[in-house]
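Just the one chain here, the form predicted on its own, laid out as structure tokens.
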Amino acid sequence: MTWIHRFALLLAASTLLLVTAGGLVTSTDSGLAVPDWPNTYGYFMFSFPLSKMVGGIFYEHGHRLIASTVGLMMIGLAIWISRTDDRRWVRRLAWTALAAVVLQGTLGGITVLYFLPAPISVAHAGLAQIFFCLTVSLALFTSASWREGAGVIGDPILARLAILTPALVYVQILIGATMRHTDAGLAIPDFPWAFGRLIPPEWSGPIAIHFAHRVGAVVVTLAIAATAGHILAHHRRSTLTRFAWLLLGVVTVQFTLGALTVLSERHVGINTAHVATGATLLAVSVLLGLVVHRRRFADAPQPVRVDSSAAIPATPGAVR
């Protein structure tokens, strides 16, 4: 394991921590606990007294500190990759990730300055997930296993599922972010029913968003079950089985957390864990898609071709 790969893994883990901290800010309604930006109550971000980090300020300012640290780490990784990696597309991806985190920080500032407008807040949440997937991808691309892997050949069904699944997970995350930032998390207060019925007897904007998120959860679960089932049925002896079991485990936890979020009336810990687990589910599905489509990348190892027409020299005493 190279040092650059270790650093990329640390960055990906730090980004997951950042997403979790952002979920904690939303779960505790601390988005406006610090009303100014980029400063914190007039202080330079890193000079704000720790003694003043109380209540919502602790969550919001802590989120900013983690975000700034992740941004600095991304600058370091982009420079490191540009100086040491000979693959142009990886270098471009690193700079794209850096641009994404800069834009992410800007959107975070706008949400504060304009008092948490829902569209900007949802975009902020959605871009956070994309940046997390970029850091996870860079960790994969800098690994030795990536250079050695050849991808899956001759399985068009899995190829389609490996693209469809992360796309569905991401759409579901966007619906969830819309639900969180429009205060629709308890628009339907019971589970698994909706006001005691399978389909809500009455409708409003928040109810529609909440119900769409529930339907999306079923669709995502079925997509992951189909993907994992296909892998376990047709690629049982490959390393893809690890992804299959991991996806099944994470989606089970995520579905359970979603139900508990409603039943606990949006308990802070459960609600935040739901956000973090959703990001993890997206990252695992993206990694699976990249591994399945490994042969499509420019640095994919070429299969060894054997010339069957070449004469095989006979050995002394060989039976003819």
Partner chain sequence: MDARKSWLLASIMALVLTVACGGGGSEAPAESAAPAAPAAAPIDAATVGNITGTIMLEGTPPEAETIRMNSDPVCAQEAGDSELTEYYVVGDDGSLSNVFVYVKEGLGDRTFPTPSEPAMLDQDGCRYTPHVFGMRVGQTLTVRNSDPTLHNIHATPANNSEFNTGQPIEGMTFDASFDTVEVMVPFKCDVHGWMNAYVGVLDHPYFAVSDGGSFDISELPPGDYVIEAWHEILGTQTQNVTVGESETVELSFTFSVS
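Numbering follows the first chain given and starts at 1. In this text, all values refer to a predicted model and were calculated from it rather than measured experimentally.
The same protein has a further form, the form predicted in complex with its partner chain, not shown here; the description that follows concerns it.
- Its partner chain is not shown here, and in the model of the complex it never comes within 4.5 Å of any heavy atom of G258.
- Taking non-hydrogen atoms only, L290 approaches its partner chain to within 4.5 angstroms in the model of the complex.
- Taking the partner from elsewhere, A273 is found to have every heavy atom lying beyond 4.5 Å of its partner chain in the model of the complex.
- Although the partner is absent from this view, W37 stays clear of its partner chain in the model of the complex, with no non-hydrogen atom inside 4.5 angstroms.
- Between 244-252, 73-81, 211-219, 87-95, the stretch whose residues reach within 4.5 angstroms of its partner chain in the model of the complex through a non-hydrogen atom is 87-95.
- The single contact residue among A184, L134, A194, V152, judged by any heavy atom lying within 4.5 Å of its partner chain in the model of the complex, is L134.
- For the marked spot (D29, A162 and F297), a heavy atom within 4.5 Å of its partner chain in the model of the complex is present in each of the three residues.
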